[in-house]
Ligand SMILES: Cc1ncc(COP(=O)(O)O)c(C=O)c1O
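Taking the form predicted alone, here's one chain by itself in structure tokens.
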């Protein structure tokens, strides 16, 4: 039977006869963020006050200097044209200057910087630039989902390197089988880490860089939280390690540092050949970052580091408040050293992190993300994002206590 219309297809139940999705979509699990968001919205539509601690979407305002520049840029008609594929020269120079000053390194603005519509877009496109079907990526788990799913969508396979609490969520590089190292093309890291909040020392970065150089693996550093660190810790760039630029690139985003998640602006820096490969993919899939957003974002790089420290202190205070409240409910959690998350162990009575996350949403009206959505080694935890005021965090803990959601 030939289906002549969508209406007829829906009525006969034969939609699949003319709509067959690409096989690659079966390689990745459903994006649980989106599923839980629908349930959260359904509660909110009923007038229920949900404390949303799910997505790592900063609630702090974007910098005024950036907003003011955006108003000016919108009024400039030259910004209405297609942006240059390679990015605005002024943005690239500002990004490189910021990296050079912040990390005491040398990045070539013209050849070693590429603006992105957020790091997530760039990481996915990178996989399509590098990974062939059957190729392998090493991804510490739990992971930010796109670190693994970009490879899977490109037809590759993922080796999940465990991030265990007993190791303070730092991967054991010595545990990786040589057979995996021989096959791997990409190695992802992200410290400060999403979702665990773990930080790593410079010695770890040196050891990892040397491992990748020895085994000829491209090293991908996702440094989204470089400016959100606690207790006096300062995050390092992978390029502070000697020889890293030979095999590495690093993603930076304005989403977290400058509370600009909705602006969709980031950049990738480092090895020229890898940058060029990513550029080739992007020229075939998009026109680059909006001119208005690039022009506005230049102002962000001139904001003094003291402002970053103020924002970090806000997140640190929120961390301390929620940890103290959770301690009263039975949790004794490893204190995160950076990022904006609490990695909360699931009480033993629950069969899965998804079950606990659903219970938090529907009985305490607190939205979180189940650890299972962050990979195999995310199971047994839920992620709490520190994206609301201290009073709301205390209220979330009180709701958990009232609903009997304690650690036993």
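Residue numbers count along the first chain shown, from 1. Small disclaimer: the values here were computed from a predicted structure and weren't measured.
Heads up, the form predicted in complex with this ligand isn't pictured, but that's what we're talking about next.
Colleague: May I ask you to choose, among 141, 226, 88, 255, the residue with a heavy atom within 4.5 Å of this ligand in the model of the complex?
Modeller: It is 255.
Colleague: Answer with one of 266, 289, 127, 220: the residue that has a non-hydrogen atom within 4.5 Å of this ligand in the model of the complex.
Modeller: Filtering the options by heavy-atom distance leaves 266.
Colleague: Candidate spot 120, 194 and 341, all three in 4.5 Å heavy atom range of this ligand in the model of the complex?
Modeller: Verified in the model of the complex; spot residues all in contact, yes.
Colleague: The chain here is shown without this ligand. Which stretch in 327 to 335, 203 to 211, 258 to 266, 238 to 246 comes within 4.5 angstroms of it in the model of the complex, by heavy atom distance?
Modeller: Only one stretch qualifies here: 258 to 266.
Colleague: Test of understanding: in the model of the complex, would residue 190 fall inside 4.5 Å of this ligand by heavy atoms?
Modeller: Yes, residue 190 sits close enough to this ligand in the model of the complex that at least one of its heavy atoms falls within 4.5 Å.
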